[in-house]
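First, one chain by itself in structure tokens, the form predicted alone.
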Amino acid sequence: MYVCSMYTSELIKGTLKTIVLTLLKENGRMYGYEITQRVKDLTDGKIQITEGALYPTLHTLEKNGEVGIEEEYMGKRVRKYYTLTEQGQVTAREKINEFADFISTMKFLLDLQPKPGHA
């Protein structure tokens, strides 16, 4: 059995948009650091998202109209909260379905599950 303490950035890069959209779908609104910590907690540290990876993804999602930003003042600082737009809700469902299908295909391709009719 393969035990992994942390996944490579190569694996995470291809799933980051799906991860962010899913978290926002489930939690309503979140700020950047909160997203990184939630992912780390949920995965027992196996997935650790850096700010350098997260913020470009959030900016792309905003540019595509999939997330909106709400600013909240915390003393002299501004905290940006990200929320899904209607388009973001649609994209989240599409990405989740696409990823689930991808996992199924990879299991078949890598011979990790019996092929249909060959159980």
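Start at 1 and count along the sequence shown; that's the residue number. Every value quoted in this text rests on a predicted model; they were computed, and no experiment measured them.
Absent from the display: the form predicted together with the DNA. The rest refers to it.
- Remark: residue 15 counts among the residues lining the DNA in the predicted bound form, judged by a heavy atom distance of 4.5 Å or less.
- For residue 38, no non-hydrogen atom is located within 4.5 Å of the DNA in the predicted bound form, even though that partner is not displayed.
- The DNA is not drawn, but in the predicted bound form it has a heavy atom within 4.5 Å of residue 10.
- Among heavy atoms of residue 56, some come within 4.5 Å of the DNA in the predicted bound form.
- Comment: the DNA is not present in this chain, but in the predicted bound form one of 93, 29, 80, 46 has a heavy atom within 4.5 Å of it, namely 80.
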